[in-house]
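Presented as structure tokens, the chain that follows is alone, the form predicted alone.
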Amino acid sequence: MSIKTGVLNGVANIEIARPEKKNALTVAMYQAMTEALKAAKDDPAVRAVLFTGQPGIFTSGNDIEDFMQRAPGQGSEATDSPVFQFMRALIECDKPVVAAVTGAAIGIGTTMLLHCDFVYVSDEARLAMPFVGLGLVPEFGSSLIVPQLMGHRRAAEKLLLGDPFTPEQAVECGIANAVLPAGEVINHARRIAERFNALPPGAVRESKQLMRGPQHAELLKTIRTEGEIFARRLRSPEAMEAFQAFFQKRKPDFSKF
């Protein structure tokens, strides 16, 4: 399955554990993370959720081969696919979500961080959202949230050019809380998550809801629009060229478009 889950001291851990494929996410892995998030939400013994990866890699994003074999369909079918079910489950989790980013976080590996409440990145981390370079568009509400965090011009560097950014830049623009040595990230993130064992859970849930509430409807609308365009772009000639180039280990040629 490549997703390991468990509850320890009030914290539901969701570990992405597919290092041989750089923690690339498959449909089955999205389903497992969705189930884990829903279980954590419904379990009164769980006070927080902790996402972790592997040493040197959080996730390289979608497993392209798996994703293309099970690509979401058009219209409402696109937003009912496993990846969008995961998106909704993360957004709707009413308990604090902490992420420990121990290395590269590519594509949805970065955009999912936008929906975590606490993000701690290692000094070896590298974040990137290279959707446009694959003939696609931003997803998971990133076209709304990233410009709000960075301003339009810096967001254009990250979303249109796909420029990677450093751990320090992630903190500066508000995606992450702090940069830590690689060997300390997970333990620090766990300590933060465990602090919620000593706080009143109802007050925490309602405070999180208040913090997210004003933008919730707009966020869901943006994700739905992004998803419909993303699904259409998956079948575009530009995306086909990008994916073929990926598998053939060459640079894509967009000069003919």
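These numbers were taken from a predicted model, which means no experiment stands behind them. Residue numbers here begin at 1 and follow the sequence given.
The form predicted in complex with coenzyme A is left out here; the points below concern that form.
Residue contact check for I229: none of its heavy atoms lie within 4.5 Å of coenzyme A in the predicted bound form. Residue contact check for F118: none of its heavy atoms lie within 4.5 Å of coenzyme A in the predicted bound form. Taking the partner from the other structure, coenzyme A in the predicted bound form has no heavy atom within 4.5 Å of any heavy atom of A40. In the predicted bound form, none of the heavy atoms of R233 sits within 4.5 Å of a heavy atom of coenzyme A. Just one listed stretch, out of 82-90, 101-109, 171-179, 151-159, contacts coenzyme A in the predicted bound form at the 4.5 Å heavy atom level, and that stretch is 101-109. Three-residue candidate spot N13, A17 and G53; no residue lies within 4.5 angstroms of coenzyme A in the predicted bound form by any non-hydrogen atom. In the predicted bound form, I57, S60, G61, N62, D63, I64 are the residues of 43-64 with at least one heavy atom within 4.5 Å of coenzyme A, listed from first to last.
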